[in-house]
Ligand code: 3PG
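Okay, here we've got a single chain as structure tokens, the form predicted on its own, with questions on binding and movement later.
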């Protein structure tokens, strides 16, 4: 009998846990739930004899991988996976997966909530602006980006996208106008919604030069990762240009952003996937992927290939 650990320091909703357990019960698996565990030591102890794990933002590092001697697969319930030590997973013969697309609509809706907030002057009572007719640039046009594009069209916005891993034809077929470079995206669009992952190439790639190219009234919305922002550069350009706003789902490291009252907002914690629907969808998808892998060897969403 396979044993599966649900390790979530920030727990799933009870209905999600119930659904996950039902999937594993049907497969004949034993399910262990570890919530609000607080320390990596507690996580490591619980992982010692499991065959599979579901995590959220929980760090699956070398200590966890070394402790989990029987581990065959770990699934991150969500799209981002920088909490998974992929080289370590490979070295220990563990397949690492995520659940792409399950949180996409939730993140996209949050991005638009922040756009409306800044367009309406943080609901201060003063006259704001409308999103209709404005140009929005989507930086990375994957699952989340395409949901942003779908919603943007409902607002009557002009949708542009840049994604180095997609052809112009793919971007066009997915509903956006492709641009030839990231520089063109920022110089063309008043609104830019960031959805690029944090990689060695993208870390600190968005700052003074890119944002400084944006038209008057520029708004940058980041629901991806804080690491892609060059905070020093962004602060510098916001000091020079009083028309630039920055809205983010990931609180920056620098306290200097707080000086930009009325042009800056950060959620108290990362909230992109914090909806009941996304919470349930990602957890159930993770459970189904584990069963499909253990029973059929399906590696469709494997990250460490």
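Residue numbers count along the first chain shown, from 1. It should be emphasised that the depicted structure is a prediction, and the values quoted were computed from it without experimental measurement. Rigid core: the largest C-alpha set superposing within 1.5 Å between the two forms.
Only in words, not in the display: the form predicted together with this ligand, which the text now covers.
Chemist: Just one of 74, 161, 77, 229 has a heavy atom within 4.5 angstroms of this ligand in the model of the complex, so which one?
Modeler: Contact check passes for 77.
Chemist: Considering non-hydrogen atoms and a 4.5 Å limit, which listed residue (273, 65, 244, 247) is close to this ligand in the model of the complex?
Modeler: By the 4.5 Å criterion, the partner-contacting residue is 273.
Chemist: Looking at 131-139, 77-85, 116-124, 175-183, which lies within 4.5 angstroms of this ligand in the model of the complex, counting heavy atoms?
Modeler: Selected range: 77-85.
Chemist: Under a 4.5 Å heavy atom criterion, is residue 10 part of the interface with this ligand in the model of the complex?
Modeler: Yes, contact at 4.5 Å.
Chemist: With the cut-off set at 4.5 Å between non-hydrogen atoms, does residue 57 touch this ligand in the model of the complex?
Modeler: Close contact exists here: in the model of the complex, residue 57 approaches this ligand to within 4.5 Å, heavy atoms only.
Chemist: Applying a 4.5 Å heavy atom distance criterion, does residue 193 contact this ligand in the model of the complex?
Modeler: Contact with this ligand, no.
Chemist: Could you run down 213-236 and flag each residue that has a heavy atom within 4.5 Å of this ligand in the model of the complex?
Modeler: The stretch touches the partner through 225 alone.
Chemist: After fitting the rigid core, is the C-alpha of residue 265 off by 2 Å or more between the shown form and the other one?
Modeler: No: residue 265 shifts by under 2 Å between the shown form and the other one.
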